[in-house]
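Next up: a single chain in structure tokens, the form predicted alone.
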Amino acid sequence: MTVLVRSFAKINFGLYIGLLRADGFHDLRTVYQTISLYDLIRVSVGRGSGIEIRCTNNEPRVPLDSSNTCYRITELVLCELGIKCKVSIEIDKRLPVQGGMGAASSNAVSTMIGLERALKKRLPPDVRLRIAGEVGSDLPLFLVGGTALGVGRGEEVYPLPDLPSLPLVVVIPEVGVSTPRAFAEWDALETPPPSKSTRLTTSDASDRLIQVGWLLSGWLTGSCFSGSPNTGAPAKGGSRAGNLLSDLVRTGIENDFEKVVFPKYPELRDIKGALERVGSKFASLSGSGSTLYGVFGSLAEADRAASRLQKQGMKAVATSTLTRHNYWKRIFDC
């Protein structure tokens, strides 16, 4: 039996990096958002044993061995279900590799969902989340979809009231950014070498995590900044979900990775500037990059902006954010 699954991408509205933890990870705060761009995953099961990975467009950066997230999650699902069979996974790669859009993580979760359907078995929700968290930090997001708060190392995901569908322009550069390397460069930036002439300063990363935590907690309890000061009353004609992004932008939402990625890849800073010049309300690097996105006032504006950027030689596409309901509605609608 073969099952075809859409594997949707994500962007980050802000990404705050905390100090390096004893386990080698960082504490993070981010607002995840699924979007309408996707890869396609075909999962086939049959007699025999073994796991086979294929990539239809021969993208050389997609591993075809046990290091692939789809392979790793398939092993764990089969072990959990106590099933032995031959599994073939075909990845129709449309999303960028090392693009900061969660493609490998989304591919793995789509493989899990497709494998369940092909086997006519379903794992309990807590087991799904546990397996996803074992494979990678942002996999659990794709078991939620829509707008979600990510904390811990990103694997603790809490559904937020969905943002409305927002028009976007996504720009996909030719370069890829290694997330482990970006974290290493962040650590070097945040921990200057000791000097005999100056005392060692401490990072303010934890303070920033606390601040964004307060912001999101206040927003969730209705006491954030939209509308009347100090009252939490929604802005006239607005909703709490609709005002989350404007609240975050107003408080200086940023992606900490821009501090280390832009100096190394100045062309990415230039793309952010280009998005701003063609009218985006908010532009940012997604994850550790290299993908950038801009939020626009209407789909028509996004279409015009994408066209202008394409004429400047950029790989730009107009798309939109994807609510939780539509995420799950469209995941098998291929």
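Residue numbers here begin at 1 and follow the sequence given. This is a predicted model, so every value here is computed, not measured.
Not on display, but discussed next: the form predicted together with a small molecule.
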Report summary line: If we test each of 31, 40, 51, 28 for a heavy atom within 4.5 Å of the small molecule in the predicted bound form, the one that passes is 28
Query - Option touching the small molecule, based on a heavy atom within 4.5 Å in the predicted bound form, out of 167, 136, 146, 176 - result: 136
Query raised in the report: Okay, which stretch from 77-85, 122-130, 260-268, 178-186 lines the small molecule in the predicted bound form, with non-hydrogen atoms inside 4.5 Å?
Result: 178-186
Query raised in the report: Looking at the partner-bound form in the predicted bound form, is residue 313 within 4.5 Å of the small molecule by any heavy atom?
Result: no
Requested in this report: Report yes if any heavy atom of residue 93 sits within 4.5 Å of a heavy atom of the small molecule in the predicted bound form; otherwise report no.
Outcome: no
Report task. Indicate whether the small molecule has at least one heavy atom within 4.5 Å of a heavy atom of residue 153 in the predicted bound form. Result -> yes
